[in-house]
Structure formats: structure tokens, C-alpha cells
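Quick heads-up: it's one chain on its own, the form predicted alone, in C-alpha cells.
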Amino acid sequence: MKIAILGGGVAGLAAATRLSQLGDYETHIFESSQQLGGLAGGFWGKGWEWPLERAYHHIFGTDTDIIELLDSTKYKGVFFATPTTSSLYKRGSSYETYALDTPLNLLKFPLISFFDRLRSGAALALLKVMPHLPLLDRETTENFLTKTMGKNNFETLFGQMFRKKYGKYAGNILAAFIWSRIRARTKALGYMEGGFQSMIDHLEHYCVERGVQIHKNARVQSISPVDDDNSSITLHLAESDNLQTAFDFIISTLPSPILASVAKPLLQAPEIHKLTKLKYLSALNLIIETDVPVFTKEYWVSVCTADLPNLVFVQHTNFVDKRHYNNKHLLYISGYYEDTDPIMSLSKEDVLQLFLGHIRTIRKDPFLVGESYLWKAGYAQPIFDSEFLNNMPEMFTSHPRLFLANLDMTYPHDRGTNHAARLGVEVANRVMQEALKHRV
């Protein structure tokens, strides 16, 4: 049996890993870039011992799917720590950070009244313990939290973050999203020895040792049926007239609109329409090296003020020791934006100057900036609104030999390596079940 996996991110690697464990099948991964891992893949700075992810990465203590996958491959590089997290507010002309990651810290929060702290804490505790009720898929986050904790409390604690994460769609995001965020979050965060790239390299080596064939710089141009009985699918690579290979099954981890484009000969028109109706924001991550930390103790700083154009600061070296990065302090400055936002067309130097102007108003003490790195990614943040639920892709497509497992399908959970691993393993199991039915 021949199986093609489109996309070499964590979901694709997880699918290939699982397939290699299920039997002796001919499995191929086709990755359009020269490196596997997607945004979990790393890059190297000058003098670094470890690579760094293009977008900030960690796992939670509740992320059992990625841990189980790695355990099955004998990977031993996961470690956990409890870095400091906080929220950034502007009070008058100065900025202040407040820890809000425990009930006690919330009770100390001075920007809302004591009664409002109690009410907000009760609402968050409810989200922490309640199951995924149908109500959460019908109510928006803003309406749900306004009813349970009060409008002023929602605005103070979450309003700016939602507008920064979802832009003009912020008021439409379903309550299931905030439920999943609160329920999954843990103080303990996990990272990989050698960076997430070490995990990617390990999974790649594991797959290759077990016969998986990996094709890099291999962009899929189209996939089409071989014949009328839907018994196999032909894959066509861009700029490669020689590789038009038939596969028994294809697993796509590509973004939904891209799959809709390359799989038009396979999918039914209503399904293509649904896939192209999904909405996304793009991600921008600026990473700077500094001689001293911009934030002295915090790893994660959520931006809760309209004065700054980003969603979060992530002082990576307050979580992972700076000795791995030539003793430089590393800071992510990250946000989600529409493709038409002017910031998405700026050069690295212009983005750097834009954010440095803001950062120097936060940190009054001087600091020196060394190297900087800018990464942009499309299809980074799906818009989890009611329209999304009507169009959310399913693992079984309208073609019996084409399966879909991309990060749109993590709803109501936010995107991350844990859910990518879960999807990859699940789709591999489903393909095997179908193969047995068809005796492939």
C-alpha cells in the first residue's frame, strides 16, 4: 500500500510515525520547504548551541498526545519548568505587569474591585471544571464572559487580547475557544532539549529508519483521480514533470484553502466551497537579541493595552537558559494580522524600529539590540466563529481515498503541537481502517 502525506509539519510527521508503527507500508512525505516541522522548526543564530523556533513554542502539562507520541519513539528530550507569566497594562504614562495565573494573583489584581475579582474568579473556575457543553458552540466568548463575570471585567481581563488575537472578528469568537484555553492551561510548561527542532529531527530520523521516504522542496501542484473507480489518486508536483505517482491513500495536512485549490479534480463542489469560506489571520514574529532582558522575570507577557500593536511578548530566555544562545537574551514580539495590514508588508528593519519605539517606553533602562529575525506565516489563526462551525473540515473528505488532518480541525482548541500530534495519529489509524475495508 502506498500512502502520501502532504505537509511535513508535526501533524504530517505524527501521521508518518504512526503509519510506520502500524505496518510495512510505502509512505511518502511531501514538504514544500527544505525543512520539516513548519513553525516548530528551528533556525540558528550566531554562536547558538540550540536552534530557536520561528514562532514561540511550549507544551502544557495536559498535552498528553504529543508526550505519548514521543514516548512511542523513545524520545527523552522533554523537560518542564514553571516560568513566570503576566499581563501588561498601561496606567497613566507607565506600563505595569500583573501576574494573573492563579486565583490568589487574581484576588490581588488592583485594576478591578474586590467583588469583581471574586466574580471573575468564579467565572474562570466554572470554565476550568465544566465539560464542553453545546452552549459554548452557540454563545460568543464576549457574551458568555459578560454574562458571567461582567462587561467591565471581561473588557479589563480579556477585551484587548481578543481584539489583538482576532482583529475585527473578536466579538464573534465562540465561547468554546476560551473554555479550551482555560481548561488546558497549566503553570508547568514543557520544552525540548535542543529546541523543538531536536524533536523534529528525531521524528524524521525515526521515520526514515522505518522506511518512510521524505521529499523536501516538493510542492504539490495538483492531485487527481487515476480512474473512475476511485481506487487510487495521482499526485503531481510543481516543476517536476517526471513525478506523477499514484497512491492508494493521500493524507493532506495542508491549509484548507490550499487543499481546495490542489484537489479540485477530487472534491465535490460543496466541499470546496466550504473549505474556501474559512477565514484566517496571519502571524508575525519578530525575534530580537538583547544584552539584558527586556522583561527581567516574565517569560510570557500578554498585552492588555491598545497602545501596543502586538498580542504578546515572549522572553524566551526567562524560560530556557540563555547559555544555549551565546548568552544573549531572546525576545519574541508577536501578533496576528490581516494580510492587508500595513505591518505585513514592512521590512524586518521597519518592523524592528516600530516595535523598538514601543519597547523603549516599557523598559526605561537602556538595552542594546543585536541580531533580529522576522518570520511571517499565513493561515496561522483560524477564525472560530459560527460560520467556522458551518464550514469546519472533516477528516473524511468527499473522496474515499483522500483524508484531511490540518490544524483547522483542532477546534475548539488553539493550534499547537499537541493537537497536531493527535490529529496525525488519528488520521493514520483511520487510513488503516479504510485500507482493511478495501483490502489494500
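In this text, residue numbers run from 1 along the sequence as written. Nothing here was measured: the structure is a model prediction, and the numbers come from that model.
Form predicted together with a small molecule: not shown, discussed below.
When the small molecule is considered in the predicted complex, residue 285 lines it closely, a heavy atom lying within 4.5 Å. In the predicted complex, at least one heavy atom of residue 336 sits within 4.5 Å of a heavy atom of the small molecule. A residue is said to contact a partner when one of its heavy atoms sits within 4.5 Å of a partner heavy atom; residue 254 meets this definition for the small molecule in the predicted complex. The small molecule in the predicted complex is not approached by residue 383, whose heavy atoms all lie more than 4.5 angstroms from it. Only one of the listed residues (330, 220, 212, 275) places a non-hydrogen atom within 4.5 angstroms of the small molecule in the predicted complex, and that residue is 220.
For the residues 388, 56, 373, 411, the 4.5 Å heavy atom test against the small molecule in the predicted complex is passed only by 56.
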